[in-house]
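For reference, the chain that follows is the form predicted on its own, supplied as structure tokens.
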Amino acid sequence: MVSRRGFLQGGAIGVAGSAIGATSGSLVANALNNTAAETATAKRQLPFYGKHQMGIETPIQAVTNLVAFDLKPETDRSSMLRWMTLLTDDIARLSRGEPVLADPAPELAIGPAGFSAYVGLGKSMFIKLGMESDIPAGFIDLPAFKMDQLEEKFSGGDVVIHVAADDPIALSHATRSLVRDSIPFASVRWTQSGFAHTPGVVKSGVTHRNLMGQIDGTANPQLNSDDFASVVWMDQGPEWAVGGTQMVFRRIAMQLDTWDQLGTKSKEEVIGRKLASGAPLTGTLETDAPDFAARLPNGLSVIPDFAHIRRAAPEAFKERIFRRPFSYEAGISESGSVDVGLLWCSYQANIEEQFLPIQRRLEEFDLLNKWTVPVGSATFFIPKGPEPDSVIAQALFS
């Protein structure tokens, strides 16, 4: 006969045993799920060949490096073709998670991990090579704006390579590989590193909650849509340019010490959006608006005149851009102030017609300028994507 005490102990042990078993099973299931997620992240491969260079019309990755170069004096048009040939082969291999040729650390090629890289050409490159007549329509260097406090170490450049991935080791290895094969042709002018959300933390896409707490990218055209194509990709011009895009890069420092002193309502009025959802203060996301007219300022009557999104809203159909920003953090001072901000990138078919009018309005009257300071700036033309039997910008440099 089992005593009451023994029965209770046995019952307790039985329940505990069941709980332990359930917990163990849960841990095993979680471990398997995590392993599957990690494997999926490591194996995520983006297409390299196609009409457009990779890394633009794609969900934003976790980490990024932008590296700008200045051409060496001896680099000419034929040298550029050799450089682009090397980069094309490198990027194609890295996009598959493979080491580049003669890779001194092939063991670091752990998988594609969402890798992408594209090459952009500055207006200064065209000028240095005597190719001014090849500069695409609308591709300009930006004028000085009143809010700018630009630093040379974050600005300009003849060529840029923009690398991104979902893993920092994959990013570092890829960046080093591409820089190593670039040094015979150019010297590094600047490098800037940034980050977004780790895959799975937020819904996949191009929206990104910046370090001011706001969601960037909600007003973007939808990826893989006709609308996106009309905003971003050039459909006129020379053969090497059609399918390409024009990039604006701005390094924008955030003044978080004073921004953090504002209450939620004040922050929302400065931006014109709800902090929690990213929706305009009207309560309707731009992507939910039935037509273009509903997205214009006169359709956002409850938003203050000084609000950022009112100033940035297009006043004509052509005044639209695609934003794809990353955050950056560059240290903390002795007093505790953080050096943070955005590596802000926009893409449009024509900088002069699409980006410049927006920036003029922001320069004139945008309350957000009190808490953001552009400290770096550059523009680059991104040639069309290569096909399997060609290299980046081959028709331009041949």
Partner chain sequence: MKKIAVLLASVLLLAGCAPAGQVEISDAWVKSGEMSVEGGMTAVYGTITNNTDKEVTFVGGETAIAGLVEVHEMAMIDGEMKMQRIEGGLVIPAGESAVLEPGGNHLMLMQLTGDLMAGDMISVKFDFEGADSITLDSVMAKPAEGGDESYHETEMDMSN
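Residue numbers count along the first chain shown, from 1. The shown structure was predicted, so the numbers you read here are calculated from the model rather than taken from an experiment.
This protein has a second form, the form predicted together with its partner chain, left out of what is shown; the following refers to that one.
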query: Counting only heavy atoms and a 4.5 Å cut-off, does its partner chain in the model of the complex sit next to every one of 263, 269 and 370?
result: no
field: Partner-contacting position among 282, 218, 255, 85 - heavy atom within 4.5 Å of its partner chain in the model of the complex
entry: 85
Sole residue of 319, 134, 181, 148 within 4.5 Å of its partner chain in the model of the complex, by heavy atom: 181
Contact test in the model of the complex: residue 93 vs its partner chain, heavy atoms, 4.5 Å: yes
- prompt: According to a 4.5 angstroms non-hydrogen atom cut-off, is residue 89 in contact with its partner chain in the model of the complex?
  reply: yes
query: Does its partner chain get within 4.5 angstroms of any non-hydrogen atom of residue 110 in the model of the complex?
result: no
query: Looking at the partner-bound form in the model of the complex, is residue 185 within 4.5 Å of its partner chain by any heavy atom?
result: yes
- request: Work out which of the listed stretches, 239-247, 274-282, 125-133, 94-102, brings a heavy atom within 4.5 angstroms of its partner chain in the model of the complex.
  value: 94-102
